[in-house]
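One chain comes next, on its own, written as structure tokens: the form predicted alone.
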């Protein structure tokens, strides 16, 4: 098939040729030019034919593109649905064995007198809890795309207060310098799903505490810019290697400098899913050894 660029050139060219020859035919210029009989009519017909063919081919190309995009979207949705079904089956199949494992390990710990053996059982309990939490978080992530938003006006000041209260419950809260920065004056309400937005910001703060050291600073700020609200979490922690930055938002991916820190690589993926569900964006900037800044940009309406 002819390149679409050439079709866009042929369409106006054919119309222009036909138009010029039509003007020539109906004007006095026709009387001073020497044309073979009906050549100008033939040129007009040829120009119109060229324009019509180009238009039809462009329409055909657009229809094929639309069908291709629709087929790709159907394939993408089918893959997401299958992914979600797999995680639901996995959660269902492993729930009972993991529950039995938790109960068995707890009972075993009560019968042991040796400190080393009790520590081994405790380690197994922690790993079983981590596996349960990982499966739950994966299912929650898969279900996010199908969850309808419960939209309501969210009071940003009260929202930030609730986020801060959740952070204060952390055992490592007192070991960090924590600050909140709000603009002067009242904040406009944000239309969104309060619970999902709370989950997203809580995950960002959880990462900030997890990847900072005692004495590091964590700042939660809110700013209104050009009809959008910016919610920013900034820390002075360990940062993210440049090679890992494009990948840290993917499910289960963890940076190369976080192996010694417990985690499952789900938190930022959940944040991305929640904010995308609100037609917002997530931007991440980080410098290794100096800290990380994550900014959520959400439309106010």
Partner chain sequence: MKSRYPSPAPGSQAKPHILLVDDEASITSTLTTFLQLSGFEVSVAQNGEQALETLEQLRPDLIVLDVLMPRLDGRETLRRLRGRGDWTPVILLTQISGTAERIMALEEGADDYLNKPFDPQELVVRIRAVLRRARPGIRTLSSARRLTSGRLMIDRTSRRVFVDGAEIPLTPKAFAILEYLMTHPDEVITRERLLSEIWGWERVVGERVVDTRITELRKALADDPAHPRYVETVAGQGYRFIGDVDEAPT
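Positions refer to the first chain, counted from 1. Between two forms, the rigid core is the largest collection of C-alphas that superpose within 1.5 Å. On a predicted model such as this, the values are computed, not experimentally measured, just so you know.
The next section is about a form of this same protein that is not shown, the form predicted in complex with its partner chain.
J.: So in the predicted complex, does residue 173 come within 4.5 Å of its partner chain, heavy atom to heavy atom?
T.: Judged by the heavy-atom cut-off of 4.5 Å, residue 173 is well away from its partner chain in the predicted complex.
J.: According to a 4.5 angstroms non-hydrogen atom cut-off, is residue 122 in contact with its partner chain in the predicted complex?
T.: Because a heavy atom of residue 122 falls inside 4.5 Å of its partner chain in the predicted complex, the answer is yes.
J.: For residue 143, is any heavy atom within 4.5 Å of its partner chain in the predicted complex, or not?
T.: Residue 143: contacts its partner chain in the predicted complex.
J.: Would residue 230 show up as a contact with its partner chain in the predicted complex if we use heavy atoms at 4.5 Å?
T.: Contact check for residue 230: no, nothing within 4.5 Å of its partner chain in the predicted complex.
J.: Give me the residue from 179, 126, 225, 106 that has a heavy atom within 4.5 Å of its partner chain in the predicted complex.
T.: None of the others qualify; the residue that does is 106.
J.: So its partner chain isn't shown here. In the predicted complex, which residue out of 115, 75, 157, 110 has a non-hydrogen atom within 4.5 Å of it?
T.: None of the other options qualify; the answer is 110.
J.: Would you confirm whether the three residues 234, 279 and 290 all fall within 4.5 Å of its partner chain in the predicted complex, going by non-hydrogen atoms?
T.: Result no, not one residue of the spot touches its partner chain.
J.: Out of the stretches listed (179-187, 215-223, 200-208, 67-75), which one is close to its partner chain in the predicted complex, meaning heavy atoms within 4.5 Å?
T.: Residues of 200-208 come within 4.5 Å of the partner.
J.: Within 4.5 Å of its partner chain in the predicted complex, counting any non-hydrogen atom, which residues from 177-195 show up?
T.: The stretch touches the partner through 194, 195.
J.: Tell me whether residue 125 is among the residues that move between this form and the one not shown (Cα shift of 2 angstroms or more, core superposed).
T.: Comparing the forms between this form and the one not shown, which are aligned on their rigid core, residue 125 does shift its C-alpha by 2 Å or more.
J.: Core aligned, does the CA of residue 115 move at least 2 Å between this form and the one not shown?
T.: Residue 115: C-alpha displaced by 2 Å or more between this form and the one not shown.
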